[in-house]
Ligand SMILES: Cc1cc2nc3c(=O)[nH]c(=O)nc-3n(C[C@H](O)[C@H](O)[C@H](O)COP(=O)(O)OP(=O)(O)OC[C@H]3O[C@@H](n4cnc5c(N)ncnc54)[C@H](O)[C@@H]3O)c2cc1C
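This document starts with one chain, in the form predicted on its own, laid out as C-alpha cells.
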Amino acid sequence: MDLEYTPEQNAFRAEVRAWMEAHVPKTPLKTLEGREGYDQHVEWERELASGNWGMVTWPEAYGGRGLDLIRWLIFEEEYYRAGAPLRANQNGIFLLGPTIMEYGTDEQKARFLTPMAKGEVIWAQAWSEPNAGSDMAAIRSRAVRDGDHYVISGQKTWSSRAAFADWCFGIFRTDSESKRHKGLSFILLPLDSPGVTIRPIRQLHGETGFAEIFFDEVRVPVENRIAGEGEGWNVAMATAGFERGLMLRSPARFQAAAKRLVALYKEHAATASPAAHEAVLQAWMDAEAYALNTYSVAATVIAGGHIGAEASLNKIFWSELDRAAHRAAMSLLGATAELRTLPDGAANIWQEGYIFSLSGPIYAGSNEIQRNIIAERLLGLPR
C-alpha cells in the first residue's frame, strides 16, 4: 500500500479543511443525548448536507459524492481535526445505509438513503431485547404476516438514539416455529407508528442516549423489509460487520483523542508517574497503528476484497484502545477527574469520555463474543 497521498487526495483534504473551518460551530453543542442538544446536532447534520458532506462515499444520486474509502478516511481526519460535532445519524449513515446499499432494492435505496444523507430522517438501532443482548439469535419480538403488512409485537431495549429518532431498524421473528438465527427478518419502521411506545433510559449523567421500545401490534408494510423473509440474520451480520469494521469508529476519532491526551500529559508532566507516561505513549502508538491498519483494510476493499470475521479484531482493538486512553487521562487528572466541571470552568470531557468508553467492550457485540468469533472463524479452533 502506498502511504503517500496523491495530489488529488491532498486537494480534497484542503477542500474539506476549508469547509470545516468555515462551518463548524464555534461554540460546542449541548450533549447529543438530551433533547436540546439532539436538535442542535440534527441541525448540524443538515448543515453538512448543504455542503454535500452527509456521506461522501455514497453515489451522488443518494446525496453523496461517490468517493472511495481513502477519501472518506481523509474526510474523517479533517472532521475530527476541526472538532466537528458527533453525528446524530451515525446509526443511519454508518450502519443502515451500507446495509441498504448491499441488500436493498432500487426503490428502497431511493426512498431511504437521500433523506438519511440529508439529515431529514434520524435512525435508531432496535436490536437488543431484555433477554437477547449480545446473543441476538435469542430475539423473541415477532412480526406476523397479515397480507401486505407485518404486525409487530415485543420489546427492544438499549436502542441507541430511540428517545428522539424518527425511524428504527431491527430484526424480528417472522417464523414463530423457528429457533435461534433462523426465521428472522430485517424490518424498518417509523417510531411514530400507532402501537409504538418509547421509554427513555436515563444514564449516569441523567441524559437519554438509549430507550426501550415497546411494540403493541404495530402494522408495518412488507415493503419495509430488507432482503427476503427469514434472511434477517445474514443482513444483521452484514450490518454488524460495518459496525465493528470500518465505518462506526474511524481511526480519526482515536487519533484526535490521543492528540488531546498528549497535550494533557504535557500539562501534568511534572507530577505524572512513569506508568502514566507509558500509558500515554501506548495510547498514541495504538491510535496510529489502528489508523494504518484501517487504511490497509480500506485499500483491500477498494481492490474488491471484503470485510469478514476480521471486523471482530478491529472491534476489540478500538474499544480497548478507547478505554485505555481515557483511563490514562483520568490518572493524569487525579482527584479532579471526579469533577464534571474542571477548576478552569471547562466541561470535563475526559470524565464523560471515560464513562462512555466502559461500554465499548459491550456494544457492537461484546468483546467476549468477538473473541469466540476470532477463535472459531479466523483461527479454526473448536467450539
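A residue's number is simply how far along the shown sequence it sits, counting from 1. These figures come from a predicted structure and were not determined experimentally.
Same protein, other form: the form predicted in complex with the named molecule, not shown, and the subject of what follows.
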* **Listed residue that, although the named molecule is not shown, lies within 4.5 Å of it in the predicted complex (heavy atoms), from 284, 265, 112, 127** => 127
* Have a look at 254, 167, 158, 164 for me and say which one sits with a heavy atom within 4.5 Å of the named molecule in the predicted complex. => 158
* Can any non-hydrogen atom of residue 75 be found within 4.5 angstroms of the named molecule in the predicted complex? -> no
* Is residue 19 close enough to the named molecule in the predicted complex to count, meaning some heavy atom within 4.5 Å? -> no
* Is the gap between residue 203 and the named molecule in the predicted complex 4.5 Å or less for some heavy atom pair? -> yes
* To do: Determine whether any heavy atom of residue 24 comes within 4.5 Å of a heavy atom of the named molecule in the predicted complex, and answer yes or no.
  => no
* Structure fact -> Counting only non-hydrogen atoms, the one stretch of 354 to 362, 336 to 344, 316 to 324, 64 to 72 within 4.5 angstroms of the named molecule in the predicted complex is 354 to 362
